[in-house]
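Taking the form predicted alone, here's one chain by itself in structure tokens.
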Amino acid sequence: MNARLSRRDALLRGAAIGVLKVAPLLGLGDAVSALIAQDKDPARKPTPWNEIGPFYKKLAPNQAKLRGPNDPGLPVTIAGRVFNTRGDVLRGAKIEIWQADHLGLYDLDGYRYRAALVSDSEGKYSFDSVMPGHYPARVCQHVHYVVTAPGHRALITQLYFATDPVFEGDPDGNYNRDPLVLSRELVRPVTLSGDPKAVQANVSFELVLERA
């Protein structure tokens, strides 16, 4: 018979010939189910930390539309999901974000380009904004994040953009031109869509929290 063994059958056969060993307190069926589940939803690396910066403000509104209809700058939609390091979806995580406008200026009096979002039942979040400009005291364009969820350590990080002119088309080699960019993982690809008169940028940024 040439049919390929299922994942479960292969693991059970491995146990029978001694390739897979199970601790006495863990049943074979439970062990095999756990291994299969891990394959389907593998563990994830925690999102690297990045400093909070000077312009954090509490009580930002829960709004996913940061960009106004007449706001100048390149429209960008940033979206992702929130997990923990075991691969579990984190529903109801609080995602606080803030950024500069397209000129690199922060709103210090109000809540322009600031939001406090909540991940949905699938751990998803998204918001519409503009590509932030270069803040005078920083090298790279960036968006700040503070992410919290019960039973997990708070995540403070920043999102950077692979299209930033600072990287000169080579974020792998040039990401550390900004001394605050401590990890290449925080520099994310940018996809452009739309027609030449209405270009839209799209960025995916997954967030992974460590358990407390």
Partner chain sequence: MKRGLLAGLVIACGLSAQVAEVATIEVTTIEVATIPAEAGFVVLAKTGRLAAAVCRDKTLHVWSLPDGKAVRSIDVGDRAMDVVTISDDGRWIAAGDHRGGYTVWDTASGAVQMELKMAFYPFAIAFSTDGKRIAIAPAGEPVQIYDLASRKKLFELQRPVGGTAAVAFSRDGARIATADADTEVRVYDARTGELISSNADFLMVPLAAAFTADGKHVLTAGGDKIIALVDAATGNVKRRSAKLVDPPIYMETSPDGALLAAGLMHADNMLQPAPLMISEVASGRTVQEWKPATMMVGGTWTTDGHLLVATTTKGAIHLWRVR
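Positions refer to the first chain, counted from 1. Since we're looking at a predicted model, the values are computed, not measured.
Not pictured, yet referred to below: the form predicted together with the partner chain.
The candidate spot formed by 124, 205 and 211 lies out of contact with the partner chain in the predicted complex, as no residue has a heavy atom within 4.5 Å of it. Judged by heavy atoms within 4.5 Å of the partner chain in the predicted complex, the contact stretch among the candidates 63 to 71, 183 to 191, 48 to 56, 167 to 175 is 48 to 56. A residue is said to contact a partner when one of its heavy atoms sits within 4.5 Å of a partner heavy atom; residue 79 fails this definition for the partner chain in the predicted complex, lying far away. Within 4.5 Å of any heavy atom of the partner chain in the predicted complex lies no heavy atom of residue 118.
Contact annotation for residue 114: at least one heavy atom lies within 4.5 Å of the partner chain in the predicted complex.
Contact check for residue 151: no non-hydrogen atom falls within 4.5 Å of the partner chain in the predicted complex. Taking the partner chain as positioned in the predicted complex, the residues of 102 to 135 that bring a heavy atom within 4.5 Å of it are, in sequence order, 105, 106, 108, 109, 111, 114, 135.
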